[in-house]
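Consider the single chain below, provided in structure tokens and representing the form predicted alone.
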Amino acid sequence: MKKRATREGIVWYAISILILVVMLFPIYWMFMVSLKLPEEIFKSPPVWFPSKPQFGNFAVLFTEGDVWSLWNSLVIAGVSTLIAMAVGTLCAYAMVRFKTGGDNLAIWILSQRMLPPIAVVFPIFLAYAVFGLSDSYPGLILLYTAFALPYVVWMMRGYLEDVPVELEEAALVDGYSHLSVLWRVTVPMARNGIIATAIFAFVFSWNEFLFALVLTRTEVITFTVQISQYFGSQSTFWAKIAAMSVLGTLPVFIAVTLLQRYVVRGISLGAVKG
């Protein structure tokens, strides 16, 4: 019995390591391509590690100013996430504690994300052209906030339902207003869910491509649009694509690594709730 359990353990470890290798290989290959010489990228057999790592592929992104697209993405994704979290948490709190909108409002809000983005991109482009919001920070921040809100409201509604209402009632008896109760009692207790939701909203805005491609030209190009400009009909700059992809992965990687403890707890809470 003990030997059988040992064999099963070894098999599960082997499967886990295999899955981990498969998932990490694209990241490894992307990083290696960013360090290779052009003739090494498509060499056969493949060059698993560059003979002379080339950090010049990263340096050229700074000298040519392409790295500003990362700053644009950081501003747009960060501000839209903060606004979506503030508005979405207030909306979810009203739905949970005051039954605003009844039982169907949450479903209706989430259903807004079921609309294919390609179906609304042209009307939004025309509206932005009329109001002068194209190729501007406010335009993309407004759009990404609107797209992230349904997710934020839906997820925060579930997390806030788990906060004991008795604690809020005790704070109200002590003289706190509803906003004070939300800030001093509810938000600290739903901290894990708030951070997990904010990470999802940030990643959504960070990776968005379609609307950024249509609504930006030169002023606020995001890093996803910047990468697409490296693909050409005559040539494709694979080393710059890989270098920019590495730089574009770092903010999300750092955020998830630093907040891993809260993210795992938040996701686990949502999983338990089903």
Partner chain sequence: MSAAAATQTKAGRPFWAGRRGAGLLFVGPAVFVMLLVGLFPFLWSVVVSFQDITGSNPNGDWVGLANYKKLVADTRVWAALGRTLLLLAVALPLELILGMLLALHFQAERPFKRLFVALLVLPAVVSPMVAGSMWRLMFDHKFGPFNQIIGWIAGEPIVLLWTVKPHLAYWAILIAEVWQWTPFMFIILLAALANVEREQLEAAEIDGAGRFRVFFRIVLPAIMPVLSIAVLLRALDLFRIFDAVWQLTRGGPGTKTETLSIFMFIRGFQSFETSYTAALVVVLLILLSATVVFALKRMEIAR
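Being a predicted model, the structure only gives us computed values, none of them experimental. Numbering follows the first chain given and starts at 1.
The next section is about a form of this same protein that is not shown, the form predicted in complex with its partner chain.
29 is the sole member of 62, 49, 29, 55 with a non-hydrogen atom within 4.5 Å of its partner chain in the predicted complex.
Using a 4.5 angstroms limit between non-hydrogen atoms, residue 224 touches its partner chain in the predicted complex. When contacts are judged by a 4.5 Å heavy atom cut-off, residue 150 counts as touching its partner chain in the predicted complex. With a 4.5 Å cutoff on heavy atoms, residue 124 counts as touching its partner chain in the predicted complex. Interface residue remark: residue 174 is not counted as part of the site for its partner chain in the predicted complex, having no heavy atom within 4.5 Å. Shown here without its partner chain, the chain has 29, 30, 33, 41, 42, 43, 44, 45, 46 in 28 to 47 lying with a heavy atom within 4.5 Å of that partner in the predicted complex.
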